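Here you get one chain, nothing else, as C-alpha cells; it is the form predicted on its own.
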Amino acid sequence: MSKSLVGNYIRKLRFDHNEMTQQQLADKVGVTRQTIVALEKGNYSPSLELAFRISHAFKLPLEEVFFYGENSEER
C-alpha cells in the first residue's frame, strides 16, 4: 500500500500534549487505537469529520495538524 499524500503531525502533537497516548486520543475522537496508528504511519487518510475532531482535540486549526502534498514523507 502506498503512503497517503495527506500527512500529519499527530505523533508530535500527542507528545506536546502531556504525552497523550494513542488510546487517549482515540477515545477522545471516537475511533480505535489502530486508526490512530494507521494515521500516524500515513497508511490512512482521515475523513474530513475525523480530521476536524482530531484538530479540535488538540485545540489547533486543521492545517496545523494535517498537511497535503507529494513531499509529505519529508516533513
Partner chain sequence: MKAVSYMTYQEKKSIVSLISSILIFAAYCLYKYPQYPEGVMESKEIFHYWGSFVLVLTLVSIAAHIVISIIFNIFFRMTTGEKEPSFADELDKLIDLKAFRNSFFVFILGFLLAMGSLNFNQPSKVMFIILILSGFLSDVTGSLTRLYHYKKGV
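Here the structure is a predicted model, which means the values were calculated and not measured. Positions refer to the first chain, counted from 1.
If you look for the form predicted together with the partner chain, you will not find it shown, but the lines that follow are about it.
In the model of the complex, residue 22 approaches the partner chain with a heavy atom inside 4.5 Å.
Residue contact with the partner chain in the model of the complex: residue 56 places no heavy atom within 4.5 Å of it. Under a 4.5 angstroms non-hydrogen atom cutoff, the partner chain in the model of the complex lacks residue 28 among its neighbouring residues.
Not displayed here, the partner chain is approached by residue 11 to within 4.5 Å at the level of heavy atoms in the model of the complex. Taking a 4.5 Å heavy atom cutoff to the partner chain in the model of the complex, the contacting residues in 29-44 are 30, 31, 32, 33, 34, 35, 37, 38, 43, 44.
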